[in-house]
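So this first bit is one chain, no partners, the form predicted alone, shown in structure tokens.
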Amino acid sequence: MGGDHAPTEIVSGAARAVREMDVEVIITGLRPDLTAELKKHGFHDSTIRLVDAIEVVKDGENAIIAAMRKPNSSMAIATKLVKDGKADAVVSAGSTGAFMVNAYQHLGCLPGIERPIVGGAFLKLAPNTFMLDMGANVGCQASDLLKFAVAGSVFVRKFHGIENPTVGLLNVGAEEGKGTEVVKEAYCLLKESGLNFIGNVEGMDIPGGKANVIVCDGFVGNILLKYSEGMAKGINHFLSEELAVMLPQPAVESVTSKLMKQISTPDTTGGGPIWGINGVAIVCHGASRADHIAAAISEAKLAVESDFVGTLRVELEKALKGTPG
């Protein structure tokens, strides 16, 4: 029931996943709305199972309050299905904050992780570059940045087949010794971590894919993410006007559409895991369409089959041995 285009695009994506992948899908939400959408795709309750939810978390609601006051929301019930062993993974395009609270509340975090982590790719210009945290953790300590690096490295290995992913620390300069005290301390931890740490990277290095995993405080990461989204829209608008006097409209739309797929966050990835949760929980962009939802379900399937959570648990334990905090 969550997302800018719910439930139409969510159900459409689920139907596509069932047709094209070896998966079973359970949809939680308001039964009349979901039944009507399933009928459009020739599905019924025996093909894609519906589990009733009498509440829906809406955009703009306080994440913690919504999770507490709506224990029977569609995302809460979906997450409980994983907790109870009735589903292997949960996918949501609803409020990221509320989804994270539900995941934390019902599935808990892995040892060594105090709060869930959100990250992923946000530029197709750099398809093998993943940044975390993107907003879940604000006011990080150096040990948090090390955890982000471990989580990102496991994700890149498991999901993208890069055996020895490079790790960069987002900073205001490339030289060692730059940045805040927290960042300087994180540099030392990463250098001794056994990860493939290549040092500091700057914002201009991200589109060029200088590192596979880039770690930063969630405050910085979220600003960078939202700036990139705004820049994508701004460039699209600018080109649409400039090219309109030079090219036919179909050609203009072709160029701007290709550009948006390269630099717009929803077009870069269907969704990604909430790192550090003791279970597979995939969060999608709120603007996700059916193909993004299907892609996110595929990511969830891969996470389960590759034992992403189990591997992350082991790698965190190794990396954090003897690390303060």
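Each form is matched to the other, and the largest set of C-alpha atoms that superpose within 1.5 Å is called the rigid core. In case it trips you up, residue 1 is the first one in the sequence shown, and so on. None of these values were measured; they are calculated from a predicted model.
The discussion below concerns the form predicted in complex with another copy of the chain, not included here.
The three residues 172, 183 and 224 all sit with a heavy atom within 4.5 Å of another copy of the chain in the model of the complex. Site annotation in the model of the complex: the residue of 230, 111, 161, 194 reaching within 4.5 Å of another copy of the chain with a heavy atom is 230. Checked against another copy of the chain in the model of the complex, the candidates 287, 259, 26, 30 yield a single residue with a heavy atom inside 4.5 Å, and that residue is 259. The closest non-hydrogen atom of residue 206 lies within 4.5 Å of another copy of the chain in the model of the complex. Another copy of the chain in the model of the complex is not approached by residue 130, whose heavy atoms all lie more than 4.5 angstroms from it. In the model of the complex, at least one heavy atom of residue 218 sits within 4.5 Å of a heavy atom of another copy of the chain. Mapping the unseen interface onto this chain, residue 202 counts among the residues with a heavy atom inside 4.5 Å of another copy of the chain in the model of the complex. Picking from 81-89, 121-129, 100-108, 186-194 the stretch near another copy of the chain in the model of the complex, with a 4.5 Å limit on heavy atoms, gives 121-129. Taking 2 Å as the criterion, residue 105 does not count as shifted between this form and the one not shown: its C-alpha moves by less than this amount when the rigid core is aligned. After superposition on the rigid core, the Cα atom of residue 178 is displaced by 2 Å or more between this form and the one not shown.
Superposition on the rigid core between this form and the one not shown places the CA atom of residue 35 less than 2 Å from its counterpart.
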